[in-house]
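So this first bit is one chain, no partners, the form predicted on its own, shown in structure tokens.
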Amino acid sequence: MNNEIVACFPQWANYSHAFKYLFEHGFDVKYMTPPPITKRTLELGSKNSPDYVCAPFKYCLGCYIEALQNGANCLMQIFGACRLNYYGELSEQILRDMGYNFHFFNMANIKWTSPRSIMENLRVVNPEVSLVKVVKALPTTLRIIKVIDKFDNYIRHNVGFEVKEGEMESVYKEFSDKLDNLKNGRELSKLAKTYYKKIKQVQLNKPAKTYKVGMVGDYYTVQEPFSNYFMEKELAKMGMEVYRDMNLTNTLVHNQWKKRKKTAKKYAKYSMGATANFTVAETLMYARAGMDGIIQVKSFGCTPEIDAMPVLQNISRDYKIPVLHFSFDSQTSETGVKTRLEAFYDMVVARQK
């Protein structure tokens, strides 16, 4: 194996900028930004995955394979509140059976109450890792996540009304490129301030009354655009404001899990696992806020999100708000998704009129 450590985390929304900062400034190793997800990524993941595993596993496995093919030699897997906890071991075994040689940093193996366990696992990434450096890099890493979500939220609410199509995307790309070469938190503050001002200067033609739709669903599918066929962009093209509270800022930085479970209590007394209670809570919040519609996106076979579906129907009935369910796997038709979104939009407009 090459002596130089090249780490990579699977493609996930726009968070690679934060992972890059953490690995390069905290772990002191080179970080490879994963290539954008394509059909090839999904094909690679599907070909080498168990048949009935959920789509996020296939996307991540495809990302791992492409990263290894491009020279990465250290892969990272997070932990979760569902089968995700077991996916690290399964991914690692599949990749080793395919003949790849690499380090695997599986966060599900860490006992977070044990400093010894934490250090042993951190040394998987870099045997000479400094815990002081990692801790020092964490605040700026979390701030990068918050900045990314702030930009994404603004774009989600307004991109459908820009006068010159593609202008926001252009400003955001310029911002993202500079974010990749960030040196410290001071530079982040300056960069975020400059580009947030720029993106707010993009001219909009936004009517006083707009149609608002909330997006809920399982952790990966609702956040990674390719896995839901860029649904947020499609809705924006129709002239809708899109709202999505499921992001790393709310779940990791602000740790909203307990608050969301409390919000969901009226409709979900007990924990249903994974992000199901979060989905119920967000649906209820959007319904109370007077949204025009709600869309649930989930991976095929995601049991907690399936359990949430009848609960969402109860909220739909009680608050007289339409809820549309989408289930995604490697065979989902993009044309079918667009057709259903168009029908959903027509229904929302008809209800308002």
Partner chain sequence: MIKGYLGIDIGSISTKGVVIDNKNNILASEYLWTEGDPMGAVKRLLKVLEKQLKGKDVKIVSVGTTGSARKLIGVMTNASVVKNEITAHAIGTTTLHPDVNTIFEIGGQDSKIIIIENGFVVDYAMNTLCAAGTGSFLSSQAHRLGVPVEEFGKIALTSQHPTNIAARCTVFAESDLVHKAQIGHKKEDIIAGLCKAVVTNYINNIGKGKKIKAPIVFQGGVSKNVGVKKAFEDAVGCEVLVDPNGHLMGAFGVAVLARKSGIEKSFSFDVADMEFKTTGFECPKCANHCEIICVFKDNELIDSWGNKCDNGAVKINRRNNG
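Small disclaimer: the values here were computed from a predicted structure and weren't measured. Positions refer to the first chain, counted from 1.
The same protein has a further form, the form predicted together with its partner chain, not shown here; the description that follows concerns it.
Looking at Pro322, you'd find a heavy atom of it within 4.5 angstroms of its partner chain in the predicted bound form. Using a 4.5 Å cutoff between non-hydrogen atoms, Thr38 counts as a contact of its partner chain in the predicted bound form. Contact annotation for Phe57: none of its heavy atoms lies within 4.5 Å of its partner chain in the predicted bound form. Taking the partner from the other structure, its partner chain in the predicted bound form has no heavy atom within 4.5 Å of any heavy atom of Trp12. Screening 309-317, 22-30, 45-53, 280-288 for residues having heavy atoms within 4.5 Å of its partner chain in the predicted bound form returns a single hit, 309-317.
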